[in-house]
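This document opens with one chain alone, in structure tokens, the form predicted on its own.
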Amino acid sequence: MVTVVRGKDCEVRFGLGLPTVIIGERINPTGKKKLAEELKEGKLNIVEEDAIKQAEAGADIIDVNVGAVGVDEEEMLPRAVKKVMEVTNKPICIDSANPRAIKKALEVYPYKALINSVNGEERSMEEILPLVKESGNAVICLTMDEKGIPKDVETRVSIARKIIQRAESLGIPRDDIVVDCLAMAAATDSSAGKITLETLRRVTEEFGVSTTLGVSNISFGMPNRALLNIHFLTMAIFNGLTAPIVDPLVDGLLEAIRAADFLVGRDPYGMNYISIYRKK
């Protein structure tokens, strides 16, 4: 199975055995006061800058999230998507918890997007999955439900199974399903990393779907977060991660991904790994 998303004159393919694809995370106001203030004022300068920087740094897909207190997502999400399309041809991950905002963003995006996200709550599946089917886009599925984020592997896998079965019953092909096994802060739960990695391995083996992960969550509250993120990322790639949500501007991150791909057999003869040094 291969997940495909598209931008203008650009197609990105990812899945088991294929090189790891980077989803750029920077256009997200969570914890970014300056970006949140700009969005509240209706400005998109930082959105434009970060779209360009991430594309140049190696992002394959650009995540666009405008969710912040005081921001009208239904107005700003379509505007942000249009702005990103103006400055890069990369496919877009439309990221919102508001189904109406997602729908409005899809109306201005003429290509195949990645929708972020649906979860195991009945209401979420009822609102998002028909939208995915109708629009023909791909979707990220979070392994959480009404009870929150499970602290064990079995429950996360069972939630993934439930969403996949519901999606397929609506006619959504498994190729268009991307499971997020959810990284949590290891500082508050020392087993968090192990649970996420094991869930990745199980989801990959049982369902064969593409997977994603907000990698930087693992290091929250710890010093030298970049070091922890990069090590966790390479371990996740070994366990089946195909499209991490990361900041491509972090020093050493792209090199770590290319090295991991080569070592686990996703980069025959190391051509992608070598290409980094040819450019330099």
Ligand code: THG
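Residue positions are given as counts along the sequence shown, with the first one as 1. Computed from a prediction, not measured in an experiment: that's the story for all the values here.
Omitted from view is the form predicted together with this ligand, to which the following refers.
Trainee: Out of Ile140, Ile92, Ile102, Ala80, which one falls within 4.5 Å of this ligand in the predicted complex, going by heavy atoms?
Mentor: That would be Ile140.
Trainee: Taking the partner as it appears in the predicted complex, which of 35 to 43, 212 to 220, 230 to 238, 54 to 62 has residues with heavy atoms within 4.5 Å of this ligand?
Mentor: Among the listed stretches, the partner-contacting one is 212 to 220.
Trainee: I have Glu25, Asn116 and Arg225 flagged as a candidate spot, so tell me whether each of them has a non-hydrogen atom within 4.5 Å of this ligand in the predicted complex.
Mentor: Yes, because Glu25, Asn116 and Arg225 each have a heavy atom that approaches this ligand to within 4.5 Å in the predicted complex.
Trainee: Hey, in the predicted complex, does Gly252 get a heavy atom within 4.5 angstroms of this ligand?
Mentor: Contact with this ligand, no.
Trainee: So in the predicted complex, does Gly31 come within 4.5 Å of this ligand, heavy atom to heavy atom?
Mentor: Within the cut-off, so yes.
Trainee: Residue-level contact is defined here as any heavy atom of the residue lying within 4.5 Å of this ligand in the predicted complex; does Ile245 satisfy this criterion?
Mentor: Contact check for Ile245: yes, within 4.5 Å of this ligand in the predicted complex.
Trainee: Within 4.5 Å of this ligand in the predicted complex, counting any non-hydrogen atom, which residues from 159 to 192 show up?
Mentor: The stretch 159 to 192, when checked against this ligand in the predicted complex, contributes only Asp180 at the 4.5 Å heavy-atom cut-off.
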